[in-house]
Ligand code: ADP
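Coming up is one lone chain in structure tokens, specifically the form predicted alone.
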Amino acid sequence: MHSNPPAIEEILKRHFGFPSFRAHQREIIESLLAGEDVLALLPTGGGKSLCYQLPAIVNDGLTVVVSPLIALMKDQVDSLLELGVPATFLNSSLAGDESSRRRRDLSRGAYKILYLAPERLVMEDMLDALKAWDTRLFAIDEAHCISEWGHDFRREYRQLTILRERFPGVPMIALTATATDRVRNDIVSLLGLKPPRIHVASFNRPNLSYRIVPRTAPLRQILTVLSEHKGESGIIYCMSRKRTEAIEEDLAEQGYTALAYHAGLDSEERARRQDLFLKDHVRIIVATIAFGMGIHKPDVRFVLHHDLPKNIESYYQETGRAGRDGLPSECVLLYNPSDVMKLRHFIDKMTNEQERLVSAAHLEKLVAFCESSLCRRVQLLQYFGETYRGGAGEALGACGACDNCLVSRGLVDATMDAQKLLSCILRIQRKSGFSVGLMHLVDVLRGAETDKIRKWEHETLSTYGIGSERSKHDWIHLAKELIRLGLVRQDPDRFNILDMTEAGREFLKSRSRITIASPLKTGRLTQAEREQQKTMTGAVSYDENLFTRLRDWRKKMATERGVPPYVIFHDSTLQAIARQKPLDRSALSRIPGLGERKLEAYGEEILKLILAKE
């Protein structure tokens, strides 16, 4: 360690431009500088990188960062070089002579930080080189990948177990945004962390708003979200490659430039498309889950799920790619029960019994989350073992920014409709001698004219058309509520057909009253609701014309340097400038995100932009 290190507050301000640490950062940094191991669970956008970057500046020797995606390493290194921190990476994207040059520079101590993929790090020649290069700290990013119980298990991470054996005295920090107790225990055990200092920050992302709406007209619903985020960056997640390409084409016909991203593209094309997105040449990525882990683009303003993710951890991780810079951002999920059936079918085919049971349990928790009328934020935090503390939205009952808080769903009397639905199940069984699935049942209730209805003569039933005044969405919602209440059973082993339970029969006999949560809202937010959403997620006023000029200037600087715009400055820094309008270098230096290096490089031009006439 450094014999007489400068105060960490001084380094924080000088290099990173921040006046104070975020929650847990100081304690984590002090533990690492004291030679202790650390497990850090910090939310996406919670400042994980600074926890090892600042100690790397203080320490003698080299800090090695293990990162799972080589495509992101260059951006990380470019960001550090902008801050005046010597950093580099070694990966397969480098030509042989460039790789050799960097290794020579590492041998003479020219760098403070080195980024490596796990599979390269554990090669014998690299392990020997890391000893020779005086490695003083290992930072394992996305550490949940080491656990089979994690939502993104990667076998190459298991090889990292060799690090403790080969570097017994080198402190290690394992970082992740999401990990259950079981995953945390796996990380500690498999990495051989010496009883680590464990820091668990709040999983709450107060700048994110959450909405779940029924997927009824997906293209129209996507266009609605895009219209609310004009000129802003966003990610649309889909379940299949085919869907990403179809949406890309649909958006092109509507005048939007979007790119599909999936594992079916070759690595060079994936890297090209990711680069176009990171550098703001393309604002919208339509992607499978192949895109995203470790994406450090801070100005993603919306994440839209066209299809259901696999579990709550995946949902949290994917929505967490929005608003990494702390500015208000939106997460929208288009929910359709057909996705649940597809995922259940996929899970049923799993040959590993333990994996199948875990996946099924995770899916059921996600379905309950989607269909619940409780505050989304409260439920997300509960899943990770945290109680929501209220804050600004406490007077509104909970967060005040999710769909269930913005539009109270309340309870509605569903007695008559429940009787109709249960009676329809009975009538179908008595006439045909078999049960049917949810969509056919809804078609009968609404009086639809389909081939199946004609084939089985279900148009002759007394319950045919008795629910025509209700929408398909209303009946699906009621059926799901009756399943949740135990009056109806959906049998996954028999093509998800619906049967009435004993409780359902008793309800029909007794004619007792039943209430359910009202359905999810299908339309867009009203202007008042959207304003409340923005307020509750921390929106503040600023000079929008100045902000636009600053963004245009930033894009020019980034293009000249061949880096993404956020490497120059985050939106949050530009908004702070557009709000405070500092008129001299002293005032400008107090803007968060403006360290000495950036103040020297860009200060004069920023001041000119502030003083320029519009």
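Numbers for residues come from their place in the sequence shown, where the first is 1. On a predicted model such as this, the values are computed, not experimentally measured, just so you know.
Although it is not shown, the form predicted in complex with this ligand is what the next lines describe.
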Stretch from 575-583, 42-50, 541-549, 554-562 whose residues place a heavy atom within 4.5 Å of this ligand in the model of the complex: 42-50
Single option in R324, H262, R211, K310 placed near this ligand in the model of the complex, where near means a heavy atom within 4.5 Å: R324
Heavy atom of R597 within 4.5 Å of this ligand in the model of the complex: no
This ligand contact at R22 in the model of the complex, heavy atom, 4.5 Å: yes
